[in-house]
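Here's a solo chain for you in structure tokens, the form predicted alone.
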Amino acid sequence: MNSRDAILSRIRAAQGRAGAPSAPETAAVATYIAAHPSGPRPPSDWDPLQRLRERALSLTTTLDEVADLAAVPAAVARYLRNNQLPLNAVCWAELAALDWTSAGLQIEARETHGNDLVGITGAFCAIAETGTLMLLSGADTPGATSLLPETHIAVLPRSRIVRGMEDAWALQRAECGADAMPRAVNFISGPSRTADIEQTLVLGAHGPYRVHLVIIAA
């Protein structure tokens, strides 16, 4: 018996169960896991967009809202200029076709080399309850674009705002398949921060100093 078996045996003994799990017990567990039941949740009778805005701002994420995808480059340019940030960046492939040049920006659709100061990504969804962005890594959606640059700008359709974490995972299973998990799922709740040293909050400790969200109404 290895250590794992010994620990599980002691747990089963404390529950008044003897021996290894029976076939019905194993089947019941598998059925429960496959059902992905949702546990108790707090009331969510609020507007998802308004809740996302409030929670994101409390986490030092800034927001902008535009009418459609074509308006994104101008919104990004406005944010960068207002904050005196570089006008060149890297972006995900899904955003490469936007007219960045007309907005006065130099955007390259490639993975970051580590010295890019601004990264522009999409997002799988946003979780209104916590003000969190959910990003799935992949060949065309590299996680480094949101993690390495000092400034992370995310672009998200309003329709991709869900109420809670449970809804985000349900959406992932529905669209990607329960057995098709990406290599990494990143949850981003505002700029990187730490208060390890003397409980003093420091932004940008392990990632971007700034997170800016552009929400597309249509």
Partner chain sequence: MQIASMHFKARAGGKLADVKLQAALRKLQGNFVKGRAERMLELDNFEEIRSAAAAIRDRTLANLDTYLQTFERNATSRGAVVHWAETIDDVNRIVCELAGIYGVTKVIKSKSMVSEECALNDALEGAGVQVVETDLGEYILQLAKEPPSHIIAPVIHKGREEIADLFAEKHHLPRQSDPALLTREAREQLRGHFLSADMGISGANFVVAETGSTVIVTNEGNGRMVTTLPRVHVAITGIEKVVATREDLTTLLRLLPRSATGQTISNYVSVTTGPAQAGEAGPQHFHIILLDGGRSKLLGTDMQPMLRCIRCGACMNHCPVYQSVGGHAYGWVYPGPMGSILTSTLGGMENALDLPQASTLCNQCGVVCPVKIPLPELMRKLRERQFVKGLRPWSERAGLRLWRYAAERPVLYARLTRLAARLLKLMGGNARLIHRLPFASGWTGGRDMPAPAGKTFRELYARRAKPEFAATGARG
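Every value quoted in this text rests on a predicted model; they were computed, and no experiment measured them. The term rigid core refers to the most C-alpha atoms you can superpose between the two forms while keeping them within 1.5 Å. Positions refer to the first chain, counted from 1.
Unshown form predicted in complex with the partner chain; subsequent notes refer to it.
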query: Which of these stretches, 137-145, 98-106, 83-91, 69-77, has heavy atoms within 4.5 Å of the partner chain in the model of the complex?
result: 137-145
query: Would residue 62 sit within 4.5 Å of the partner chain in the model of the complex, counting heavy atoms only?
result: no
query: Going by a heavy atom distance of 4.5 Å, is residue 55 a contact of the partner chain in the model of the complex?
result: yes
Partner contact for residue 48 in the model of the complex: the partner chain, 4.5 angstroms, heavy atom: no
message: I'd like to know whether residue 173 contacts the partner chain in the model of the complex, with contact meaning heavy atoms within 4.5 angstroms.
response: yes
statement: Near the partner chain in the model of the complex, with a heavy atom at 4.5 Å or closer, the residues from 24-39 are 25, 26, 29, 32, 33, 36, 37, 38, 39
query: Is residue 194 among the residues whose Cα moves by 2 Å or more between this form and the one not shown after superposition of the rigid core?
result: no
